[in-house]
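What follows is a single chain, given as structure tokens, in the form predicted on its own.
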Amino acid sequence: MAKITKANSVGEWLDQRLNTTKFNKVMMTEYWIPKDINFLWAMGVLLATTFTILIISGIFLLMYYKPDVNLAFDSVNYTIMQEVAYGWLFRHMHGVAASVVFLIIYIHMFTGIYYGSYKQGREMIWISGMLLFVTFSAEGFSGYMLPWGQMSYWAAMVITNLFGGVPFIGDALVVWIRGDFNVADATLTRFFMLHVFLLPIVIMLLIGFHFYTLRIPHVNNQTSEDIDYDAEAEKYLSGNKKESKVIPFWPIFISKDLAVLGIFLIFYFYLVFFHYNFAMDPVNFDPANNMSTPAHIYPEWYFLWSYEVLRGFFFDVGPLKAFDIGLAAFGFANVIFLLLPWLDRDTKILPAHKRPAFFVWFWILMADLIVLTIWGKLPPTGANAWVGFFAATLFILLFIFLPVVTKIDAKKRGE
């Protein structure tokens, strides 16, 4: 047992029992971050803050929401929005944060791809991040269903139908997920449980795991330089701070994060008060009606790219049905990013602008994802259907040829 002496302060009393000084060094004052990083490395703090906003605003909404098909719509659109003091504010905060969190995730994700922050020791950082993306996607989808409006209902109908394509057990799986033969009260209550309890717990655990994975290989930097953290930390601690290539997480790096966070919160609350409508589909202000299908069904903007991949293959190919091809493409699109560390065959960790072939590949991918997102909200008719088909095909081909593209860069460097 550790020797316990009379403490002269609350901090000393806690330190003797919890070793707070050592913990503070490991996690804060001696957790070293490269100097050579920009504001894009602040996305992690923005994500943690936005998730906290979602949790807090969600708790207030939970006090008045009714997970019942006969009460859910009115509990959101009348009770919360019109009868509860500042209920509109918490709904706007929750809705805007649900959209903005995906914007941050995508920036964070593609920053990692651009700078090669998924290779040679950082694979677990990437995998844990992609697991977070999948879990946030499930959280976003389950929350989209809760207002029980027209788009909530029909989006749930379309997405749950996808599981019918699973060989052998597809039909039974759809019924099991819905809890009924149709999207109904049982579906709403189980998605409510997922949204407010199970998925938030999983997200919190994955966030902790993601932060833990960062402690071992450390974060990447703008030049992807392999830094000797022990040697650079010694320089900093000895007073040679100018020449050291690292800074402590607390208080130096976190102050930069907080500056970016301040700018982000201005942007976020501007949307909350003046442009919240972008996060609330007008069709969803009509109560769910299983006898009236909307003219055009689509998910939230952050799912549109993968939704367009799903429906991009709109014609049969021999014995293969269009639905099966689209479902296979959709599965490919949602798994392939997880495999990126092994598809990139370049042995060096370098930013995209130092890898010419990969640089072109990256920006073609960005353009293609933008096209998929835009066309994902348009009716899949006429020329729109063909644009979606070619964009979905290009997306798949980009990842099929990624190993070849990255080998070209390695070969040009003489490796």
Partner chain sequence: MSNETNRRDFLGYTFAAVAAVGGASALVGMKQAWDPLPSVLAGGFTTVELSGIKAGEPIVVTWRGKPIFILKKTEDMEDNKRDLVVGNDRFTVAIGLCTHLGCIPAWKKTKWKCACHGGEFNPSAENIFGPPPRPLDLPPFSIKGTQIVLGEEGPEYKKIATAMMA
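In this text, all values refer to a predicted model and were calculated from it rather than measured experimentally. Positions refer to the first chain, counted from 1.
There is also a form predicted together with its partner chain; it is not shown, and the following applies to it.
By the 4.5 Å heavy atom rule, the three marked residues Trp41, Gly208 and Trp250 all fail to count as contacting its partner chain in the model of the complex.
Only one listed stretch (139-147, 159-167, 335-343, 264-272) carries heavy atoms within 4.5 Å of its partner chain in the model of the complex, and that stretch is 159-167.
Mapping the unseen interface onto this chain, Tyr114 falls outside it, with no heavy atom inside 4.5 Å of its partner chain in the model of the complex. Under a 4.5 angstroms non-hydrogen atom cutoff, its partner chain in the model of the complex lacks Ala85 among its neighbouring residues.
Although the partner is absent here, Arg311 lies within 4.5 Å of its partner chain in the model of the complex, judged by heavy atoms. Its partner chain is not shown here, but in the model of the complex it comes within 4.5 Å of a heavy atom of Pro380.
Residue Ser292 is the only one of Asn240, Ser255, Asn277, Ser292 with a heavy atom lying within 4.5 Å of its partner chain in the model of the complex. Checking Tyr212, Phe197, Phe181, Tyr78 against its partner chain in the model of the complex, a heavy atom within 4.5 Å turns up for just one residue: Phe181.
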